[in-house]
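Only one chain is shown below, in structure tokens, and it's the form predicted alone.
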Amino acid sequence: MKRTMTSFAALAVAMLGTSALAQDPVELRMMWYSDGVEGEVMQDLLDRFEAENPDIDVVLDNVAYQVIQEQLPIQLASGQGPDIARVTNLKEQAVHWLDLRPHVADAAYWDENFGNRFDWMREDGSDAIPGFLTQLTMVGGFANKTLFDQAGVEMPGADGTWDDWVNAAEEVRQSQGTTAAFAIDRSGHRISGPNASFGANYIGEDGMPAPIDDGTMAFVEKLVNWTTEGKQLPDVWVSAAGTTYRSGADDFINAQIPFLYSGSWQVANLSTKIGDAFDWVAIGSPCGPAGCSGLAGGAALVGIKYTEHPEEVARVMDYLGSEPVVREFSERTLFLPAHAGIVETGGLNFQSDDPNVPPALDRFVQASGETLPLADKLPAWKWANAYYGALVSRVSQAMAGEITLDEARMLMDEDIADVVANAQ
């Protein structure tokens, strides 16, 4: 009898061991959006990670950027969300990011290679490792060189003003019959570099939001007038409500506008979708009275602190943040890397046969050295998104004729004050 019980016990232990070995891998959800081909590249990288780490299954949930901007914050506010996410609202939502410092294999590596951007995505005074920028971005413009050539219109030079570019693009529109002269992405972030170029200041001496000033309104007034005159494609801004993002990239790709103001993340998208249909160039940012500034930024891959699997999240992040993987991701997506070691050593072999791509990337690198002080402060400023949201929603209403510019200015101040009050 005793021998039988022992046999049963041994069998039970053996079965338990077999069950443990056969246990399903830990499933992690990664919420991801794409501007171009980066979703395909990320899936390939994750497939290789899973082959080397069969105990972790990473499900890549490809969503629209609007989901990242509007639905993810609701999930986070309720203490939920994916395990990992690609986000652009870095500072305002920093309270929700997982601190990877206790979990990554080598925190010093992260500090050395990504630390110069950590303040963009963590709470003030924190030493957390929240994640890393999947790319460094720079806001700037693109011109359809073929349309300009066909119209016989010379593109403005490096010191071309906003008026110069809009007027030149309008000449192209009238000659070539395009739908409009230009479009700026429907984004408060996108117009903040131009605002700075017209003398705007968002940040008060106490670090809190300053009232909407004359510099901001100087460019906003131009933008509203260009839209009501039909020079800016109205659908980009007027067809959406609230803070909903809309890019003019598809209109540029379809040759409906000769001038697009968007950013470096569009390079792969333009190259893939335009092909050899026409030649295009990156132009940096047109100038205002105070300078010719775009705005640096980036999308970051962050861990979400509500995950039940922080150790597994850190293993995925260690892999994706490793120098060889960051280098490959950058070369295949045509993104500017935010990895200090790669930036220092250089030698990136961007994978494109498109002759438009190398000079476009070079122009964005040059533009990163042309930003104004306000633009340099915004990525790490807590209240930047409060400003961006107020700008995009109220400027759109002014474009639609629902409110006057004076009313828009007053309502933007109220919107920003409401965000600050709610946060406090």
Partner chain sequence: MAAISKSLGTVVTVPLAWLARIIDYPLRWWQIRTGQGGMAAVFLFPNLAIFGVFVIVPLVLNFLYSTTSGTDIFLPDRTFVGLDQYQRLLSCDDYTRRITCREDQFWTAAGNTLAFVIFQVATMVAVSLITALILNRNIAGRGFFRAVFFFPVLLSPVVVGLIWRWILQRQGLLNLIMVNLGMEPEVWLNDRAYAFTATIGVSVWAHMGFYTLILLAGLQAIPKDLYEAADMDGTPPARVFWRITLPLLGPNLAVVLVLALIKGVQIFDEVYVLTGGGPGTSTLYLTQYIYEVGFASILRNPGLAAAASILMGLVLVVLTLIQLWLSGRKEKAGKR
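Positions refer to the first chain, counted from 1. Since we're looking at a predicted model, the values are computed, not measured.
The form predicted in complex with the partner chain is left out here; the points below concern that form.
Partner contact region in the predicted complex: 243-251, out of 267-275, 243-251, 205-213, 320-328, criterion any non-hydrogen atom within 4.5 Å of the partner chain. For residue 413, no non-hydrogen atom is located within 4.5 Å of the partner chain in the predicted complex, even though that partner is not displayed.
The partner chain in the predicted complex is not approached by residue 356, whose heavy atoms all lie more than 4.5 angstroms from it.
At the 4.5 Å threshold, heavy atoms of residue 386 reach the partner chain in the predicted complex. Residue 73 belongs to the set of residues with a heavy atom inside 4.5 Å of the partner chain in the predicted complex. Taken together, 30, 123 and 307 are entirely out of contact with the partner chain in the predicted complex: none brings a heavy atom within 4.5 Å.
Think of it this way: in the predicted complex, the partner chain has a heavy atom of just one of 235, 221, 163, 99 within 4.5 Å, and the residue is 235. Comment: the partner chain is not present in this chain, but in the predicted complex one of 150, 201, 239, 352 has a heavy atom within 4.5 Å of it, namely 239. Applying a 4.5 Å heavy atom cutoff to the partner chain in the predicted complex picks out no residue from 148-167.
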